[in-house]
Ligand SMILES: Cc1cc2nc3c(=O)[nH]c(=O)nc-3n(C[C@H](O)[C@H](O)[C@H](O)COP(=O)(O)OP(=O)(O)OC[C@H]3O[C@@H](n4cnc5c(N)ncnc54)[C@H](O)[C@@H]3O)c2cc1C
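One chain follows as structure tokens, the form predicted alone.
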């Protein structure tokens, strides 16, 4: 269903209850804004439209658990229809093609248009293109559900191929992970645990250390976890070229060719292109400049958040491009929309950094929060619990939590039961 208003409407002063709110993008920023709006009773008669072409929301921080079967696809990629059931949000499974800020209209694929009183843009980011031969043709990214499923299928295929070779027992699977940020480190640990003794993993980063923005304790935990898995870490090393089965690296002015059956690209993103027909201010990375209230400069009724926004705090410090920042921003956008529809002024967004968490393999993680660093299985349990709590809806959280508690119960009960009764079978 397409919601339309007279295209010439340009003023939003004293808007009535029942305003039309259009949200472009169903990631953390967009979906969570739509869900947070459900808290405000006076918005129940509003027409809220979420424009998102994909059929499933992706809880990206836990994508890595798909590789090792610690989590199932339905847990980290629930459908939008299930998440939005019982709300007043109309989900349009289509793509926004253009935004006319003057006429207050969003044009979608096929030419239909959605008029709005308020617009929320959470269009996200994608991999940043690089001018390195072979990267586009011979590397896999890890940003979508399809990426995760493709990686798992490729790893399974590599194990099967190596097992059929003439020297199967001694033939390793060589994997190169490019990028020493959280995504690269998390990928390296999970891929290593998936392949086991058959895998030989190399992590390559241009910087002097992995996880550079993170606290020292968390970096140390990550380095120890990689070392336990015999993952080779090459810092201050750049990539010169990638082929179907090699990666050419350069360090100290010298080049070296690595054998690589699988090369994973976990380096850099850039905001998706601006959809507006009218130009707006942006930073060097292409992120749109906003007020502290997350309103677009010069457009009171347009909010921008997530990876596509340059969000600054009271001290001009930038909020990170993370899920944590996006769902905090979504809560502020929803509160500001609720205030503005009642004729009140919006409030500034203040990002609160609650900590950092990284998975370091199966049953292994690192966690830092307010000066406390945890590692190992305890950190893995804490990380999983925190992320379950942050999943989109109560209904989905409950389903995921039930399975997690069942697994935890079996992990605790079965060893105890077998010690008491060696003949016990689960």
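Since we're looking at a predicted model, the values are computed, not measured. Residue numbers count along the first chain shown, from 1.
The discussion below concerns the form predicted together with this ligand, not included here.
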Any of the heavy atoms of residue 307 lying within 4.5 Å of this ligand in the predicted complex?
-> yes
Verify the contact flag for residue 54: yes if a non-hydrogen atom of it lies within 4.5 Å of a non-hydrogen atom of this ligand in the predicted complex, no if not.
-> yes
Heavy atom of residue 94 within 4.5 Å of this ligand in the predicted complex | yes
Any non-hydrogen atom of residue 326 within 4.5 angstroms of this ligand in the predicted complex = yes
Given 39 to 47, 61 to 69, 395 to 403, 369 to 377, the stretch touching this ligand in the predicted complex at heavy atoms within 4.5 Å is 61 to 69
Heavy atom within 4.5 Å of this ligand in the predicted complex: which of 199, 179, 346, 124 fits that? Just give me the one.
-> 124
What residues in 23 to 49 sit within 4.5 Å of this ligand in the predicted complex, counting heavy atoms only?
-> 24, 25, 26, 27, 28, 29, 30
